[in-house]
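What follows is one chain in structure tokens, specifically the form predicted on its own.
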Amino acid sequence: MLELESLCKRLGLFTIAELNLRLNPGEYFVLLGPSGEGKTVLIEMVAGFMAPDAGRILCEGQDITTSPPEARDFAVVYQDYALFPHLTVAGNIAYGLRARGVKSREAAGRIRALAETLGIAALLNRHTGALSGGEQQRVALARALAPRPRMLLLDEPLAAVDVGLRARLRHELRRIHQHTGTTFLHVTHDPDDALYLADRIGVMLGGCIRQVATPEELFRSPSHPEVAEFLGMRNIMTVDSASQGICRAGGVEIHAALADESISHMWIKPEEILLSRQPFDSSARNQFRCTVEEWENSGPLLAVRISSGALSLTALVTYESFNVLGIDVGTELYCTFKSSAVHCF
């Protein structure tokens, strides 16, 4: 178990203040936040490369705040992988084993086992400069895992690869974690990485952790509007009033299944909103007239911004629906969505 207690660090205008976090043994924890929020600084304090100004770092109940990196038994994989170009793949993987005095026969067995697990057994005699980005990442992981560290620290390990390879490497990381049972602390700015990989996610904004939750909890119930906005959620609304399952926002009455007096914001997924020329019979509790303000391409769909009074929402429609509805600026439509589609926080 790793615990960060009231951790503080100031670097120029940047500050991590009173940061608290607990990682469970064997979990895949993703620290998610935009660039410049201090995620790498946090990794380096955990690794022992940088000292905090205040607070404590504990591992399995032992205070390691001032322990040198080699005494912590953690391994780090950086974005650029930092492989040794003059060494072969086998030489790279063996590097940490030699530093720990692992005997040659045992080291050879570990190298072979990891190479087979990571699918790089055929590359052991090649130099790293001749490898693809995905192959280099797997070599970096093998080198980090070979000494059997208590924890693996991953600093944006997927940032330098293309979209197609990124998806495959996410799968590899998840499989490796399940195979080894090692605790992973992975920092990234990409919500998709976090959603796919994490057992739990900590969202870091403004130098502090705003929310810790499972991926499902986080994306269904963000704790702050800032968290929701960073996660790319559209249709985040300030609630003017709420009572007994009914909210008012922008002058529009909206039925929300979980609304009560304690909520301050709500959001609706754009894909949950149905647009039509005429009202129709439906079990959905929310249906009202709206006007098209604008639209934009959103991959295979179109994002259509609509308004009703002071309320503004975005709905996603197919190109076929866009044409059938004859959508243009000023087109009047009906907007329909279920009360269960309204998420409150």
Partner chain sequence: MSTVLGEARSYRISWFALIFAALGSVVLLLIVAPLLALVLSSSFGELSQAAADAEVTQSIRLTLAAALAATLICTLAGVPLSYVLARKKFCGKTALLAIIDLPIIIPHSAAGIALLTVIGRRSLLGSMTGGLMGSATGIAVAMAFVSVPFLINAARAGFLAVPERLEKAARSLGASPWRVFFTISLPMAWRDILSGMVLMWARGISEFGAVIIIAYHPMTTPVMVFQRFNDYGLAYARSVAVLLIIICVAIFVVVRFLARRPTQEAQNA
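Positions refer to the first chain, counted from 1. None of the values given here were measured: they were computed from a predicted structure.
This protein has a second form, the form predicted in complex with its partner chain, left out of what is shown; the following refers to that one.
Heavy atoms within 4.5 Å of its partner chain in the predicted complex belong, among the stretches 241-249, 189-197, 79-87, 161-169, to residues of 79-87. By the criterion of a heavy atom within 4.5 Å, Pro157 is excluded from the residues contacting its partner chain in the predicted complex. Pro69 belongs to the set of residues with a heavy atom inside 4.5 Å of its partner chain in the predicted complex. Among heavy atoms of Gly129, some come within 4.5 Å of its partner chain in the predicted complex.
Although the partner is absent here, Phe49 lies within 4.5 Å of its partner chain in the predicted complex, judged by heavy atoms. Annotated contacts: Ala17, Gly207 and Arg210 are all free of its partner chain in the predicted complex [non-hydrogen atom within 4.5 angstroms]. Of the residues Phe74, Phe184, Trp267, Phe230, just one reaches its partner chain in the predicted complex with a heavy atom at 4.5 Å or closer; this is Phe74. Pro147 is the sole member of Gly133, Pro225, Pro147, Pro215 with a non-hydrogen atom within 4.5 Å of its partner chain in the predicted complex.
Although its partner chain is not shown here, in the predicted complex the stretch 98-122 places heavy atoms of Arg98, Ala99, Arg100 within 4.5 Å of it, in sequence order.
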